[in-house]
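Laid out below as structure tokens are two forms of one and the same protein chain, each shown alone and named structure 1 and structure 2.
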Structure 1
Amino acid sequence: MARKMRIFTWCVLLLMIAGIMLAGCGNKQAANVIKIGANQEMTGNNATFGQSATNGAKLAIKEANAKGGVIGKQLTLIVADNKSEPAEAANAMQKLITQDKVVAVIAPIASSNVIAAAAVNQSNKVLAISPTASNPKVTVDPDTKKVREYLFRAAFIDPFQGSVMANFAGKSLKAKTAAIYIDNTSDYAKGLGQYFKETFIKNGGQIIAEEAYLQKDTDFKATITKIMAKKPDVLFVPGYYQEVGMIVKQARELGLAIPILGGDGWDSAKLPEIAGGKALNNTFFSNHYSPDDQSAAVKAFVTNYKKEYNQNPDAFAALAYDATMMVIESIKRANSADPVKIRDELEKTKNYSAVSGKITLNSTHDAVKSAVIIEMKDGKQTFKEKVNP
């Protein structure tokens, strides 16, 4: 009996020693890894956006690790699905920061989702940088009028994007009147509609119809008929691809032949599938980059992305790649994985040569950069023109 007890005791001791050794190895492995989070729309209404953005972020991480990582450590991307819902975006942010212990977060695509999650990363002092969220409220609290210290973006903001499309409507398309049809549940759409309207009127144009729909609506014909009765020169629809595709399809079926304009929320391979390639002729939208751009940075990115994913990268992939690389560069400059030090370095970003152009972060943490106008031709995106800030 005593011999059995001694054997049992030795076995317990050996197991404890093995556990300690494994824990030590695990801690050592954890110490050699820097975690970056991705709070993305992997499912839900904006799923193609989040999936593209995640691919772009993963490519940036892979390339950085292939070059030896950052400050002697490898990077890893932890993805949380916000399901294209504001409440879920807040939950995803909480998980990434408090459970997964990330040092920075590639924030959601949609402005409403970034704003919903803002309090979480702000209170935990962990930066979040959205690849594309363009509503001014993302980085400046509308109640306090103060800059959100730990929120940034790699995209231009709606006042610029809205004015770009208003100028294009008036100057390039010679439009004198316009109708606006917005998603009334989206901060993004409402902001773009507001800034388009202000600039179009300032340029001497007239807004003769303003209508709204709700996300997940499917029948737009009654409202389109009302708009058609006003006979505008152009129709501005600053929504996301899911509803936009149905609006364009139904508008063309009703005989609306005028140019239809939009913003970067149109940028999805699903758009031609929903609307139909022919229906999208004579439509234009603002975007952050074009894969047809002949710059060396764009060519290299497109080649590497296609090699990795066997598809052409959209703007969401490009901007998420840029946002992730901006975080990586900030870690290098900080020479630290401390979230506050990384934030401080990111804030200093000036003339960063990104895929989507040179990026400078201004005093409100917004990217100052150029935009492009994309024209749809038989379901294909074609580069129309570039607009500098």
Structure 2
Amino acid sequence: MARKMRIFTWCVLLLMIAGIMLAGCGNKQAANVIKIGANQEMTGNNATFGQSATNGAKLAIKEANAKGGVIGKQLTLIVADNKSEPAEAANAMQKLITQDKVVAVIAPIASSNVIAAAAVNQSNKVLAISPTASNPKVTVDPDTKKVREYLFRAAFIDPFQGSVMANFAGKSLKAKTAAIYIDNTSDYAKGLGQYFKETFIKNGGQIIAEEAYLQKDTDFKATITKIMAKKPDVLFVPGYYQEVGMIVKQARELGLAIPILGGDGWDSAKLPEIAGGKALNNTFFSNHYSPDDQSAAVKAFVTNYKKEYNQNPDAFAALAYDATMMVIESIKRANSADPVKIRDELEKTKNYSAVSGKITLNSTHDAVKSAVIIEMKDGKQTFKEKVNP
């Protein structure tokens, strides 16, 4: 037994040493390679979204490399997992910047994770661009009211999307009363819900029910029954497609026939699969692009993505692809792999034709682009109206 224990202890020690060596090896910077980091939700509750985003970013890198790379160098993407937890996001950011020495980081999906990691990349002067974080606080420090110099986003901000849908509900659908059903674990959904509420009330409407669910819930019938009893004109569900699909399916089953509205978290080919095409009739959501006015960029992206991963891209993949492409463009324009220069160029991004529309970064580092409202008809996305910022 003593012998066994000794052998075992040595094994553990060896393992630790091996670990340090491995971790140490990560530092080797090859001369003709530029490293971009991705700090993503690869495991934990948001793994679905984080892995989609990582796929999008990988595709962008691959395409850029196929075209000969940028400024004569090849690109590599270094992915670090943040376990869908804010503290781990800070940890992953620290590792990418100080161990792997990346020149730019594709920041996490969730706003809270980006904010937790923000201090790390700010103090190291390496830019981070989040594909989807939509909370205004991501790019503007709430205490000092100053713009965070090294943080950017490729997505809409909550106030814009929330008010777009509230205006649509009030003006186009002539709704007087609305119910809001949000994902209580997601700050994205909460932000959208809050701004929807503000705008809807400002337009003279009334919010008669506010309910919440948790991520990975599967049964929504109890709450839907409760909402039905209050008889609202519209239901706003600003969540992600997996839960939304089930909510729409169960709502229609229970006989709730009113329009159901949502945000860009709905955009996925999985949505009609889960909810069923018929149940999705009379539902609307805001998105970055419409399949009808598909540009060549969108089509190429969708085909390439399908070829690469054998699945349809969702909004996360598209936005991460755009964010990565914007970084690559900035490296090209800066003609240098210096993180500060890349940041300066990224800030100047104007009218960049991305998959998710023409992106201009404004003074608070938010992507300004027009939103389209999509109506679902028998499982197909159709263009309803366009809203300019």
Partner chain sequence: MDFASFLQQLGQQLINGISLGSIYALIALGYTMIYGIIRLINFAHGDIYMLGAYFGYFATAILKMSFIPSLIIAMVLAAITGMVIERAAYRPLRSAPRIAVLITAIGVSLFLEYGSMLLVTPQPRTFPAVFPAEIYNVGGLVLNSQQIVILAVSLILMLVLNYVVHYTKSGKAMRAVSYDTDAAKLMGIDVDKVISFTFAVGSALAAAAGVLVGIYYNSIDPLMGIMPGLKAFVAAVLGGIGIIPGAMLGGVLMGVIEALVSGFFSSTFRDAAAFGILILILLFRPSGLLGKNVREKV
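Not measured: the values here are computed from a predicted model. The term rigid core refers to the maximal set of C-alpha atoms that superpose within 1.5 Å between the two forms. Just so we're on the same page, residue numbers count up from 1 along structure 1's sequence.
- Comparing the two isolated copies of the chain, the second one is the form predicted together with the partner chain.
- Relative to the superposed rigid core, the position of the CA of residue 119 differs between the two structures by less than 2 Å.
- With the core held fixed, the Cα of residue 189 is displaced between the two structures by 2 Å or more.
- Relative to the superposed core, residue 170 undergoes a C-alpha shift of no less than 2 Å between the two structures.
- Core superposition gives residue 284 a CA displacement of 4.7 Å between the two structures.
- Core-aligned Cα shift between the two structures at residue 253: this is 8.0 Å.
- The two forms, fitted on their core, place the C-alpha of residue 208 2.8 Å apart, compared between the two structures.
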